[in-house]
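Shown here is one chain on its own, the form predicted alone, set out as structure tokens.
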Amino acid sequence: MSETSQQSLGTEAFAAQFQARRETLPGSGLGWLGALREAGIAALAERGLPTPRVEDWKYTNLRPLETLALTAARPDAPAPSLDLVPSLLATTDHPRLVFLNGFLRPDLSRLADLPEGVELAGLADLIAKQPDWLQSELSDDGKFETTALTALNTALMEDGAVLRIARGAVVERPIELVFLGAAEAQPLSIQPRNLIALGEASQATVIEVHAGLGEGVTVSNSVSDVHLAPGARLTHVKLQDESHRSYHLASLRARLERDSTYEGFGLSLGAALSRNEARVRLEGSGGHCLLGGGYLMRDKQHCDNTTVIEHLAPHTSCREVFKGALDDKARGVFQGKIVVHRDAQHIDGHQLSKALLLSDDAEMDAKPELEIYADDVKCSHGATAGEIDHDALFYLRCRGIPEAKARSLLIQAFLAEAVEEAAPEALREALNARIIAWLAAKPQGAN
């Protein structure tokens, strides 16, 4: 077997999807978009899907995808009855886009009474109505590495969420993006593409909810491009609770200009295999990035959080805090890299990963990295994995709390620290409720 074949998986099935649908994909009549798609499928064929022999994928194996007879999701597929769209919010008066298998469902979305300065729409609609603006946002400017997964998404993207906030607009109500996956007999390939652009000195909160309907297999490969103009502030919260037979692959690419702030938090509960990859460029002085994550995995679930934060300007800062609990034969991965470029002096960067192993068969792999080319910086990183604190458990048991309850309380408190650190206050109760529900589904200590 050649070195190349050992480092990549075949992409013939995706190439066949592209060839069959190239003339019917949104914007097929736009020359620039067609060229972008062709470049994407060519890059995918050149790279192939990565294997663990690729350093960034050392701990996560996509080979199970080769066994799936994937078909592309279609907008005209039969839709299940939806009595209640999952949400992290208790109210129903906020703007919302709902996607089923990657395609916008206007009947379930809520776009009335959008605040002034807010544009919220589906990507397919914008391709038809505002292709010139999309050309500048979608075209590859070389600032981010083209990976196999982003190339695949570029070739096959059909729909997704587009959010534009005008200069100076402060959006009080959160904006919710709900992505539902529903497959029947045939596993589905879903390629959402999201664009979020905040104008100068604007502010917004975006909530993503990814959920599965039924136990069918979906492979979601999403790409989200975020651009924050000077002084903009985005709070971005994501809940992933998809079917335990599905695959969730998400790539976030964020550019932060001068004095802008990106605060992101993700809670992962579902999917057989999930990978959340975030690449952030701090391009202007005063930029700040906060990345937080929590994950709860059991059975043979696999959750990979991989981040790269690049400091390209002086006086920028970042903070990463990821915490998770792994039960049964679950596996967690944290790969975090902070890169400080030569001219980026006076940097403050911090990175922390902590995991609880709830069984002898659970596994955690952590690889924190600092790559520093400047001399006036303050950077730190740390990673730990271990069992529940036996002294704390003994303390609770001595006060009459049953062992299963005591273990659940300690796990809840451990994850709550990550929620408190990175999630906005208005959503902490809802996120903690999801953690409690996960713990209640299998009492701690039960086989």
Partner chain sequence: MLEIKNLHATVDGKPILQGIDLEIAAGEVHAIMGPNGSGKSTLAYVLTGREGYEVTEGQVLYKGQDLLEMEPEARAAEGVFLAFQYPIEIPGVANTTFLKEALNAVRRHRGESELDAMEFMKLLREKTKELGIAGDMLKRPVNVGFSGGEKKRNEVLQMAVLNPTLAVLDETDSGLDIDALKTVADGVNALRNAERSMLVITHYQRLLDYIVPDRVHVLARGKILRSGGKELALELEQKGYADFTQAA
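Residue numbers count along the first chain shown, from 1. On a predicted model such as this, the values are computed, not experimentally measured, just so you know.
Another form exists, predicted in complex with its partner chain; not displayed. Remarks below refer to it.
This chain appears without its partner; in the predicted bound form, the one residue of Arg397, Arg53, Arg63, Lys378 with a heavy atom within 4.5 Å of its partner chain is Arg397. In the predicted bound form, its partner chain sits beyond 4.5 Å of every heavy atom of Gly382. Contact annotation for Lys405: at least one heavy atom lies within 4.5 Å of its partner chain in the predicted bound form. Taking non-hydrogen atoms only, Leu409 approaches its partner chain to within 4.5 angstroms in the predicted bound form. Taking non-hydrogen atoms only, Ala413 approaches its partner chain to within 4.5 angstroms in the predicted bound form. Residues with any non-hydrogen atom within 4.5 angstroms of its partner chain in the predicted bound form fall in just one of 36 to 44, 389 to 397, 22 to 30, 63 to 71: 389 to 397.
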